[in-house]
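Before any questions on binding or motion, here is one chain by itself as structure tokens, the form predicted on its own.
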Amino acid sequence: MEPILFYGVPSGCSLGAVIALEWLAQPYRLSRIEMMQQPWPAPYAHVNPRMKTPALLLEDGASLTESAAILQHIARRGGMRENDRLNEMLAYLTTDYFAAYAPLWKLYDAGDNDATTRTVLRAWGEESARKECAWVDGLLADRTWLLGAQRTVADAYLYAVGRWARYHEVADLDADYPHLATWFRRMECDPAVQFALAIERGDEPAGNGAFRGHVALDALRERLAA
């Protein structure tokens, strides 16, 4: 069977891996994990004992976790060798950029915590997110894609986590980070991005033909047990 990507909704960073797989245009399947439903299905622990997404179940039954590792694997499948610049960019995006939004996600999960806590989390999150948006905006000032003239899996991942700036309303991208805003518009015209967003919404887009359908976790019990 083709490799299976387990992706989380809503608004998971695993959207980046869906985009990258569409760009790759090699057969793959998806398995949807509703992150807000608790507890997660117990069999998923065989894929990722830490119960996080994304995870990639490979043809030999081994699983691969962590966005940076999955995206590098997809890049290798496409003939792009790992290189220092790509590794550096993925390391930055999956650590510093991702972590900048942690206070805002904490606020999202906080419920009716006291007003002081909410104010602190909001201020902390906005400052952190704006700092990283400014850094990425500067990178894109003189290049089309994150690493230069050609898109890479790093662009796919940035789209997945970069959209959190809009989701949490931390800035007006057009006014504050125009180069990043232009990059977003370029990405949103990409068929793979449109496909991945439709998948996340629960639609049934056609894609480029590489997508072989969803697989229910229960249907994988024997494979995972082996």
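Start at 1 and count along the sequence shown; that's the residue number. Computed from a predicted model, the values in this text were never measured in an experiment.
Another form, the form predicted in complex with a small molecule, is not on view; read the next lines as being about it.
*Asks:* Among 188-196, 62-70, 171-179, 22-30, which stretch sits within 4.5 Å of the small molecule in the predicted complex, heavy atoms only?
*Replies:* Correct option: 62-70.
*Asks:* Does at least one non-hydrogen atom of Phe184 fall within 4.5 angstroms of the small molecule in the predicted complex?
*Replies:* No, Phe184 sits far enough from the small molecule in the predicted complex that none of its heavy atoms falls within 4.5 Å.
*Asks:* Under a 4.5 Å heavy atom criterion, is Gly207 part of the interface with the small molecule in the predicted complex?
*Replies:* No.
*Asks:* Report yes if any heavy atom of Gly162 sits within 4.5 Å of a heavy atom of the small molecule in the predicted complex; otherwise report no.
*Replies:* Outside the cut-off, so no.
*Asks:* Classify Val18 as contacting or not contacting the small molecule in the predicted complex by the rule of any non-hydrogen atom within 4.5 angstroms, answering yes or no.
*Replies:* No, Val18 is distant from the partner.
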